[in-house]
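First, one chain by itself: the form predicted on its own, in C-alpha cells.
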Amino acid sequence: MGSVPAFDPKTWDFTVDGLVKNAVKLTYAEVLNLPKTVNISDFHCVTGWSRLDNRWEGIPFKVIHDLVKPLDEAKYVTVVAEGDYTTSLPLNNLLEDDVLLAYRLDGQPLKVEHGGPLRLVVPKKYAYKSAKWVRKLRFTERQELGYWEKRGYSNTADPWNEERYA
C-alpha cells in the first residue's frame, strides 16, 4: 500500500503504547539489540500465491509483550505502518511462537521494498496482516479494523480456510 518509504537508521524509531504499563520508543539500534530468533515459515498472499520456507530473523512478538507489560484489558494490537497503513490482530494470535517483527530475510537485511527495516510476520494469516514498514504497535481493548479490513477483506485472514473477504 503506497510508495516505498525512505529509511534512515539515525532517525527511525519504533513505538509501543496503548494499554500497557511500560510504553516504549526505541531507536533502530535499540530494536536490533532486543532478543532475536530465527523462524522458517511460509508466506501466503490473498491473491493466491505463496512463498515457501522463508527464513525470517527478528524479535519474537513475545519479547515486545514482556517488555511493555500489557494491561489485563488489552485484547488486541493495532499495527501502524508507514503511510498510515494499519491492521490489527487479537493479542492471542500475536503470542504464537512463530510471530515476530522481522528485520532479516534469508540471511540478508530485509530490503525496504519487502518491508524493511521492520516487518510484522504472522505466518498463519494472509500477508496483509504481516504489515510492512511497522513503526508502532498500539495495545487496545477493542479491535480496530485496518486498511484492507475496512475495504471488505477478512479480519480473520486464515489462508487454510481461504478467508479472503468479509
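Start at 1 and count along the sequence shown; that's the residue number. These numbers come from a predicted model, not from an experiment.
Below, we refer to the form predicted together with a small molecule, which is not included among the displayed structures.
Colleague: Would I64 sit within 4.5 Å of the small molecule in the predicted complex, counting heavy atoms only?
Modeller: No, I64 is distant from the partner.
Colleague: Consider L52 of the chain shown here, and say whether it contacts the small molecule in the predicted complex, taking contact as heavy atoms within 4.5 Å.
Modeller: No - in the predicted complex, heavy atoms of L52 and the small molecule never come within 4.5 Å of each other.
Colleague: Is E141 close enough to the small molecule in the predicted complex to count, meaning some heavy atom within 4.5 Å?
Modeller: No - in the predicted complex, heavy atoms of E141 and the small molecule never come within 4.5 Å of each other.
Colleague: Even though the partner isn't displayed, in the predicted complex is H114 close enough to the small molecule, meaning a heavy atom within 4.5 Å?
Modeller: Contact check for H114: yes, within 4.5 Å of the small molecule in the predicted complex.
Colleague: The chain here is shown without the small molecule. Which stretch in 38-46, 22-30, 93-101, 66-74 comes within 4.5 angstroms of it in the predicted complex, by heavy atom distance?
Modeller: Selected stretch: 38-46.
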